[in-house]
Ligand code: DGL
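The chain below stands alone and is given as structure tokens, in the form predicted on its own.
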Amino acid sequence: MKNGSYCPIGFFDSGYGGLTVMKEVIKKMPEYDYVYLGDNARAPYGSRSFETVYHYTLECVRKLFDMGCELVVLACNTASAKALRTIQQKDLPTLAPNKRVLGVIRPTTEIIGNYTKSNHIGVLATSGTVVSESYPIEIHKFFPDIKVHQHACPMWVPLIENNEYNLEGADYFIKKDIAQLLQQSTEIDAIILGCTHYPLLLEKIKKYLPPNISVLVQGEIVANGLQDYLQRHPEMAAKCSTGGTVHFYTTDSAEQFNKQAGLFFGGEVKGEHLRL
């Protein structure tokens, strides 16, 4: 660790989905210390109001700051859509001007232009992310000519969190939601999975898509983006400790968290209960 101080990179999600992102970041940069906080006691965030998501997210960000994090990634599309900008612009300047909070939407939108020839892309996400219009707004900053078609999939996260996603019943909802997205345009040739839970459904999603449509999963994209960020901000990279440790925390039952979290992280998880 640098200077003997523990300064992990923090990852926050409303539940388990952010583990699919942190897993890819650790693969790319295993040298850093990491801490994950899942607000499982109050999940899901997808259908909650902007004000509630902002309040919950800020509370968890502050907790990660208290745990030594100088850099926190909102590994949750809903939190990135509904809370990130307010935290960055309103809270950080007074709360922690030298600390940084990043999201998962911007890294994805910065590169989407590389994946479409038709300039028509689809976004599958939670209701909250779709209503926020975050993807169209961010994409148009980088690629003003791209037409964004969005569709909310309210059943997908519950199917995953209740371990129903591998059963035939899940296929009904996946097939239906994909069909409704594709009905918006016959020209869609790339789809963003705008929820960090959705990689667990990737094989089923591909089953109901034409082979010419590419699917973007956020984990690797965010990992590349974070590596690039640390290279461009060596002062932040110097603060982050390099002990290669990973710690997991949940606001709900640690026993239940540990049962489910391995599915998303791709390995055994031993988390601890944390009171906010």
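Remember, predicted model here, so these are calculated numbers, not experimental data. One rule holds for the numbers: they count along the sequence shown, beginning at 1.
FYI, the form predicted in complex with this ligand isn't displayed, but the following is about it.
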- [ ] Note which of 83, 195, 72, 123 lies within 4.5 Å of this ligand in the predicted complex, where distance is taken over heavy atoms; exactly one does.
- [x] 195
Task: Interface stretch in the predicted complex with this ligand - options 41 to 49, 62 to 70, 246 to 254, 222 to 230, non-hydrogen atom within 4.5 Å - done: 41 to 49
TODO: Could you confirm whether residue 157 comes within 4.5 Å of this ligand in the predicted complex, counting heavy atoms only?
DONE: yes
Open item on the list: With the partner left out here, which residues of 59 to 79 have a non-hydrogen atom within 4.5 Å of this ligand in the predicted complex?
Closed with: 76, 77, 78
